[in-house]
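Next comes just one chain, in structure tokens: the form predicted alone.
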Amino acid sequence: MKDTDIKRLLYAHLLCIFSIILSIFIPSFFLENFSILETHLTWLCICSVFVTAVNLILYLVVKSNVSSKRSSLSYKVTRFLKCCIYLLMSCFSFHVIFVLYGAPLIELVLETFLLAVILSTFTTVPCLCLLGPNFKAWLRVFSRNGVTSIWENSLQITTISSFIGTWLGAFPIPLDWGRPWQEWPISCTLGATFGYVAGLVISPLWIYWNRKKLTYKSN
């Protein structure tokens, strides 16, 4: 494992963190009274767009060259449509899971769905960019000893930390504190965001710390 690969991973993750920071500050110049709490749903949409755009840019820069067959227009269109289907399935699946875990079934449907969208942005979008619409590859990466590169290793960490952050974000909701950020789903989306950022910071450091122990099998 080369230190240059870890540096590339770190720079990519810093760019992802920067996209979240931009989603907080840039809209305030164009939207009146914009803030994470007061216009939370608007911020969720903007953050999802920013993070997705950065992931797509990183995919175009980092992804290795593909064969001529895979660079054909028909292949790209088919791949794009499959990715859209995977992303929609992810959003609806997360929405159903949130409802099963206690989210309002009829009320606050938009809020619950946008929580599913932001979580899909932090988890499914990076998987689609790195692994493509290949469910077997997803199972391989998230199985024990299934990763084949530091990028897949970091994908494991950021995805898991996003899920943990969302789960931890639900704990303050039933508490009788009367805080604005306790409204559904603000604390969960903030938890998912902090979890995602934590994963982006921790994964390069963890990989660098364990670089002599890590070995990757060829795919």
Partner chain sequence: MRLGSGTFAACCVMIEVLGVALFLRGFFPAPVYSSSGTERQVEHPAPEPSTGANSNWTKLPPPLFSKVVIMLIDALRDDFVFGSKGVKFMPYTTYLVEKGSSHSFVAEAKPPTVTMPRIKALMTGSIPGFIDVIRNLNSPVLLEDNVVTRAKAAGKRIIFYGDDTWVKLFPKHFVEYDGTTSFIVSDYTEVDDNVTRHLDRVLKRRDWDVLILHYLGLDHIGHISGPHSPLIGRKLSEMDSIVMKIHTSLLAEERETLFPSLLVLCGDHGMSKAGGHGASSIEEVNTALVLISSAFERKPGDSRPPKHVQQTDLAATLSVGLGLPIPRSNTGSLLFPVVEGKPMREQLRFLHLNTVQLSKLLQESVPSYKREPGFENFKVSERLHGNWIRLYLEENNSEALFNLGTKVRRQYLDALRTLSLSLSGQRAQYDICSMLVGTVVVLEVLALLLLSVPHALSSKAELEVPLLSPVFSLLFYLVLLVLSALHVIVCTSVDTSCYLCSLSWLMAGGVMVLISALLCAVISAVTKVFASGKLLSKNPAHSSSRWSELDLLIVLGTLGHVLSLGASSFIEEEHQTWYFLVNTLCLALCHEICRNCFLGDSGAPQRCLHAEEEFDGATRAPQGRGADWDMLEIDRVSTGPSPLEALRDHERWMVLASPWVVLTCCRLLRSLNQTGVQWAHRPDLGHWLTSPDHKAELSALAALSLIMIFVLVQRRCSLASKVAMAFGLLGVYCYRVALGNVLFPWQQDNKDISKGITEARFVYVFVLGILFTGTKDLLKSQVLAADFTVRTVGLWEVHSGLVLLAALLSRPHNLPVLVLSLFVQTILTQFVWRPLRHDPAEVTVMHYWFGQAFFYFQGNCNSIAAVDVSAGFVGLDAYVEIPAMFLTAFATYTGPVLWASHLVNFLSSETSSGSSLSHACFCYALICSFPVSAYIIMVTSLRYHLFIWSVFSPKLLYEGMHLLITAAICVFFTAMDQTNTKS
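This structure is a prediction, so every number in the text was calculated from the model and none was measured. Numbering follows the first chain given and starts at 1.
A second form of this protein, the form predicted together with its partner chain, is not displayed here; the remarks below concern that form.
Trainee: Would you please decide whether residue 103 lies within 4.5 angstroms of its partner chain in the model of the complex, comparing each non-hydrogen atom pair?
Mentor: Yes, residue 103 lies within 4.5 Å of its partner chain in the model of the complex.
Trainee: Just to confirm, residue 75 within 4.5 Å of its partner chain in the model of the complex by heavy atoms?
Mentor: Contact check for residue 75: no, nothing within 4.5 Å of its partner chain in the model of the complex.
Trainee: Is it the case that residue 181, even though its partner is missing from this view, gets within 4.5 Å of its partner chain in the model of the complex, heavy atoms only?
Mentor: Flag for residue 181 set to no.
Trainee: Would residue 175 sit within 4.5 Å of its partner chain in the model of the complex, counting heavy atoms only?
Mentor: Within the cut-off, so yes.
Trainee: Among 142-150, 112-120, 75-83, 126-134, mark the stretch whose residues have heavy atoms within 4.5 Å of its partner chain in the model of the complex.
Mentor: Heavy atoms within 4.5 Å of its partner chain in the model of the complex occur in 142-150.
Trainee: Name the single residue among 170, 190, 46, 36 that comes within 4.5 Å of its partner chain in the model of the complex, judging by heavy atoms.
Mentor: None of the other options qualify; the answer is 170.
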